[in-house]
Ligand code: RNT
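First comes one chain, alone, set out as structure tokens in the form predicted alone.
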């Protein structure tokens, strides 16, 4: 049987349980996932940093990482050509592109330093998202927005304000709102004498940043928490509770990173707990392994559950999905493609649920059928619908795309460094 024949068979099987595969495909086609640029170069960027700091670590030295904007853009192009649908690119401020004599420190970044990224995105019909870079910098050695040093705080406040102006430039140039997400590495390695004082400074700094004049329809400011990191094992200033409350009170987005919680906490469970209180939520989806290790996404239970919570609550337009992993032990383009396609697979798997029937079972307290149906759905021909979706989008099926990545590695990546 060819792809179309297998799809028609799958379509009939899903129709028998009340699922419209055409509707599922149409909805998936409209989902734009924000693909993070930093997988391509191990989070180094182009503003002079030569190593990571701030509780972040990239392991491995697979050959062929991007070291110039041109290489990174070429790698992004190759990855996107193997991913079905139209998506977005997520940039960090450290990916500014300076012309000769144009380099400035992060507090003085301007839209012109990202003009080439706007040109790149416009030519491809992509939206851009953005992140201030409050790590891998001499002024981020200890604390940033919560620093007891007023000059250090001022530097990072000015950096975040510059990033809001750049985000609005992205939105206006590309006709698409820009999610601008603030994450800081501030914290204590051992138990502090006073947790509150640093959090008060962080609150005041965020208030200062948000006091600037900007278009809130064009720039969607988000704040991102973390449970701990290297060098801040005992206390993270920007905890989930801090940011969840700050976001709710100040009408900004709360961003949930699936690697930033205790190993027994699940981001999938937090989505429905927060949707009643927020118009929008933002996600950075990664795969933690014992800590915030940012492994490439697998099509595993938690990814499926995250997708299910978005889909079944009709929140595809309310939850902004971005990815955040960086693995330098494998081909970086393969990492992008695997992660992006797995996020899409998880969304499709959720879109193919007979949700109305499952909810009816639950409301009747018929938990036996809820369990049995959810398990038996795993044997439905979801893969045939996915293959059909890929074919409609003119991208390779199954692992066929790896042949293209290997060819690109031989022709391009192997010649770098």
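Positions refer to the first chain, counted from 1. Quick caveat, the model's predicted, so the values are computed rather than measured.
The protein also exists as the form predicted together with L-rhamnitol (RNT); that form is not presented, and the subsequent description refers to it.
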{"query": "Options 272-280, 79-87, 120-128, 218-226; stretch whose heavy atom lies within 4.5 Å of L-rhamnitol (RNT) in the predicted complex", "finding": "218-226"}
{"query": "Partner-contacting position among 156, 183, 170, 336 - heavy atom within 4.5 Å of L-rhamnitol (RNT) in the predicted complex", "finding": "183"}
{"query": "In the predicted complex, the one of 66, 43, 28, 33 near L-rhamnitol (RNT) [non-hydrogen atom within 4.5 angstroms]", "finding": "43"}
{"query": "Check all three, 38, 135 and 324, heavy atom within 4.5 Å of L-rhamnitol (RNT) in the predicted complex", "finding": "yes"}
{"query": "Residue 260 within 4.5 Å of L-rhamnitol (RNT) in the predicted complex, heavy atoms", "finding": "yes"}
{"query": "Exercise: residue 345 in contact with L-rhamnitol (RNT) in the predicted complex, heavy atom 4.5 Å", "finding": "no"}
{"query": "Contact of residue 292 with L-rhamnitol (RNT) in the predicted complex (heavy atom, 4.5 Å)", "finding": "yes"}
{"query": "Contact label in the predicted complex: residue 240 to L-rhamnitol (RNT), heavy atom within 4.5 Å", "finding": "no"}
{"query": "Residues from 82-117 in contact with L-rhamnitol (RNT) (non-hydrogen atom within 4.5 Å) in the predicted complex", "finding": "92"}
